[in-house]
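This document opens with one chain alone, in structure tokens, the form predicted on its own.
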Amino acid sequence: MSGTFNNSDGDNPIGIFDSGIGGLTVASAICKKLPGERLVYFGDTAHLPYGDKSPDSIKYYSIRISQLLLQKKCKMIVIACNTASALAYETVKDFVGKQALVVNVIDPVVEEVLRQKRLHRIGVIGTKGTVKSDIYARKLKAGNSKLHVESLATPLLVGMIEEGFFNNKISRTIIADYLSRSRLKKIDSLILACTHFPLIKPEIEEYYNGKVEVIDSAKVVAESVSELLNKKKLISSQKKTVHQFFVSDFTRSFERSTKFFFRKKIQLQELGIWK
């Protein structure tokens, strides 16, 4: 995380990006924690999902979107995508330099797990890109070499959620199939290593019936954002907020999702930054 600012920059917005609707879980959590902050959200729906894209592609997408958010005068950029956080965080941080703070969604979760001394056998579910990077296991074991970490790619879940298939028979069947895999046996906690997954957290908790602690990255990241903005004295002084939501490819499902999270009509704009 980096950045050098004047106090007047506190009223600038927070920029958030993801490949689709998943980052809205983080955006919603930040709004609840910091209701005075303005958000500029970009969902790169033209390239959804990021999980099966090459590292070079994800770095390119992340830099271009960060450039857009800097043009919007964002004081902070939240990479609300685990795959982009795993593969492009350092690239984005180098690109942004001192123009804005940069936050990923992995480090706050790792720090939270390490604080909870009672957790020893941790499961991680995420996209192919996140799991292949092995970033959670590496960071967790760097903090505590005694931890046992098992990661499982769950590629069907993102598409399922993007299409609105959650809290129904189809989603429960797919979730149960993944969580019953031998790799996740005997875990005491499960990291939802994709910002889409808080939407199915109730179903995951139902599957485990209280026997496994399910860690929701959205709330943890929102807390981290709040702490950092307070530390840098960049909390907004505004009383009224008007958020901006952009997508690279307009979809009705994304529009419905913004209403679901923010409980009001959202003006969703398409920005063809790849054209």
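Since the model is a prediction, treat every value here as computed from it, not as a measurement. Numbers follow the displayed sequence, beginning with 1.
There is another form of the same protein, the form predicted together with ligand DGL; it is not shown, and what comes next is about it.
**Student:** Going by heavy atom distances of 4.5 angstroms or less, which of 247, 65, 48, 30 would be at the interface with ligand DGL in the predicted bound form?
**Tutor:** Flagged contact: 48.
**Student:** Please pick out the stretch from 110-118, 171-179, 96-104, 82-90 that is in contact with ligand DGL in the predicted bound form, where contact means heavy atoms within 4.5 Å.
**Tutor:** Single hit among the candidates: 82-90.
**Student:** Can you check whether residue 131 is within 4.5 Å of ligand DGL in the predicted bound form, heavy atom basis?
**Tutor:** Residue 131: no contact with ligand DGL in the predicted bound form.
**Student:** Since only the chain is shown here, I'm wondering whether residue 124 would be in contact with ligand DGL in the predicted bound form (any heavy atom pair within 4.5 Å).
**Tutor:** The answer is no: residue 124 has no heavy atom within 4.5 Å of ligand DGL.
**Student:** Can you check whether residue 158 is within 4.5 Å of ligand DGL in the predicted bound form, heavy atom basis?
**Tutor:** Yes, residue 158 sits close enough to ligand DGL in the predicted bound form that at least one of its heavy atoms falls within 4.5 Å.
**Student:** Does residue 194 reach ligand DGL in the predicted bound form, with heavy atoms at most 4.5 Å apart?
**Tutor:** Yes, residue 194 is a contact residue.
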